[in-house]
Structure formats: C-alpha cells, structure tokens
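Before any questions on binding or motion, here is one chain by itself as structure tokens, the form predicted on its own.
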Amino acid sequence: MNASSFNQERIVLIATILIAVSASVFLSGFLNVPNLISIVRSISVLGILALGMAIVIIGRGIDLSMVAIMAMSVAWYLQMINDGYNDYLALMLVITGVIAIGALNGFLVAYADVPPIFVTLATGLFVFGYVRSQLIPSDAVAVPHGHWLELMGQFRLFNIPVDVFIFIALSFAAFIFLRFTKWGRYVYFAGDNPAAARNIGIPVRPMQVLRYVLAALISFIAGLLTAASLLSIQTRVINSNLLYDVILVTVIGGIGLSGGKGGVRNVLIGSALIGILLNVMTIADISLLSQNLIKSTILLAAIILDGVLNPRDEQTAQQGDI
C-alpha cells in the first residue's frame, strides 16, 4: 500500500479505538457480553459483503446488485425447500443462478463496455423484480424447521456465533487470493491501469468477469448467514441502507475508488468502525433519520478524502489541475 492509503487506514483505526473507548466510558451496556457479540455478528455479515465489494472496487468497478442477489437468491432457495424440492437440487439451482448473474454483470462491463454502476443497478432491480414476481409469493420467506440453516444459526463456539468464524475464514481466503495468487495480482494491475495491464498480456476482461462472479457468490453466502441468524430472509432489505453501509465500509476503510489500492485489512478496519458506530448510535437512542444523516456525511467525507488521496489518473493528480 502507498503512503496515502496507509494514512487513511491509520486515521480510521484511531477513530475506531476512540469511539470504542468513549462508548465504554459513557454508555452503559456497551461492554456487556451480549452487546459485544451483537456487534461482532453485525460486523461479520456487513464485512462479508464488503469483501465482495472490495474485490470489485480494487479492480476499478462497483457492484450495486450485491444486496439484491443476497436477498433474492436465498429467498428463492428457501421457497424451493418449503415447496418440497430436494435440498441439494435447490442449492445447485440457486448457485447456478447466482453465478449466471455475476457472469452477466462481468460480461456487460468487460465485453460490452457498459459502466458498471448502470449494469449492476439494472441487474439488481431485475433480480428483485423477477424473483419476487415469479418465484416467491411473499416478501419474507422462513427457514424450515430443522433445516441446516437453523442449526447453523444456533451453533456457538465459545459463545461466539458461526458468522464470525465464516467471516474470518472468508477474509483469510480473500487475503490469500489477492496477495498470493496470479489472478489476485491481476486485480490490482487492472485496477491501477487497465490499458497497461492489457498491453502486457493480462487477461483483463476474463478477470473482470471473475470479480463479479466472486462478488455474487459472496453475496449468497452473506444471505445464508442472514437467514440463519434471523430464521428468515426479508426481500425488502434491498430498499434499506445496507448497500450504502457496504460501500461506506469499503471506502472508509481505505480502498480507493480509483482502483488498484487496498486489501482485506482495510475491510476489517472499516467494518469495525461502522459496526461499532451503528451500535453506539442505537444504544444512545439516536433516531434512524439522524443515523442515516451521520452515515451519509461520513460516506461523503470518505469519498472526498479518497478523491484527494487517490486521484483516478495521473493527469488529475497533477498539482494545479482544474
């Protein structure tokens, strides 16, 4: 990482520690074990989604369909189980559909040269509309009693939910992929300078497809964990602020929107800050409207800071550029 990304990362880490210490002193109940477990669990699902978003953003893209894929794929899966489908068959059908949507996102971005913000916005709306109107009869779909998702949601190791361990495992896998594999390094090269990466023989377009497929699969995993913890999946979550929270975690952690910068460590730091901040605002009984205002202000500040520290190209980085 370059010096500017490290500075942003350090600032966010210090802010996270200060907020946690202040909450410990001034908010009763913050250090209670159930509350700490709640923080870690909320950080886990948010962080898993941010891992997928980070892989896309590092390669100079964005995926606005992740929350729709998360909710609708799991809702379709649970609906098939409730309708009597074989569990294995239902799971394979859903995974195939998730991969297809991710591949469609990647294909339209890489080979049709459509801006990713429009592609993923459209596919997210399509996934929600099609699944909700054609495949499931209601907004909420329950986990069947005795299903393995129910058992997974109840599982604890040292009183810690399984979500945390899956987040740790996925973080480690993403770290290995980005840092030590050839295709992971291609993500950074293509994000830093796509034209130069293509000129030296890096398969930029297939790599773009791979990034969106990985983001879709990670979204499905996050949806399974959400259903396991709540024993249902609410499809209206796509109208919530979850997607903005994911982008907020990714950007504020230090992953540059210009591409080619950041990593798993930035996701962990950003997840910790936003998870603790949301918990503190909830304990302090701050209204949802005020919480959204605070989060939007932080996101705007993070995007401005990212634009200053990580210009999108060399020309705009020149001093005095207008």
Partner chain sequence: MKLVKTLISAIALATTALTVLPAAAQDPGPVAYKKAMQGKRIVMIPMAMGFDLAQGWAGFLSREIPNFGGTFETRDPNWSVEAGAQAITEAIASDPKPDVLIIMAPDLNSYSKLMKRAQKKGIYVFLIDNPANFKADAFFGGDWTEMGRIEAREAVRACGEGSSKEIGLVQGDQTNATSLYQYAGIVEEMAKHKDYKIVAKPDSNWDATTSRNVTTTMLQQHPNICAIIDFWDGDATGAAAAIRDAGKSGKVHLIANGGGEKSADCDMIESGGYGAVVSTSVERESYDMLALMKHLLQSGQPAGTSSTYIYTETQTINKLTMNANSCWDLKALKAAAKK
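Positions refer to the first chain, counted from 1. The shown structure was predicted, so the numbers you read here are calculated from the model rather than taken from an experiment. If you superpose the two forms and keep the largest set of C-alpha atoms that fall within 1.5 Å, you have the rigid core.
The same protein has a further form, the form predicted in complex with the partner chain, not shown here; the description that follows concerns it.
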Practice prompt. Within 4.5 Å of the partner chain in the predicted bound form, counting heavy atoms only, one of 89-97, 236-244, 214-222, 195-203 shows up; tell me which.
Written response: 236-244
Fill in: Residue contact check: Thr181 to the partner chain in the predicted bound form, 4.5 Å heavy atom
no
Worksheet item: Hey, in the predicted bound form, does Ser73 get a heavy atom within 4.5 angstroms of the partner chain?
Response: no
Discussion item. At 4.5 Å between heavy atoms, is Thr226 in contact with the partner chain in the predicted bound form?
Written reply: yes
Worksheet item: Heavy atoms within 4.5 Å of the partner chain in the predicted bound form: does Arg41 have any?
Response: yes
Practice prompt. Taking 4.5 Å between heavy atoms as the contact cutoff, choose which of Ile81, Leu231, Ala103, Ile166 touches the partner chain in the predicted bound form.
Written response: Leu231
Worksheet, complete the sentence: Near the partner chain in the predicted bound form, with a heavy atom at 4.5 Å or closer, the residues from 149-182 are Gly153, Gln154, Arg156, Asp163
Discussion item. If the two forms are fitted on the core, does Lys295 show a Cα displacement reaching 2 angstroms between this form and the one not shown?
Written reply: yes
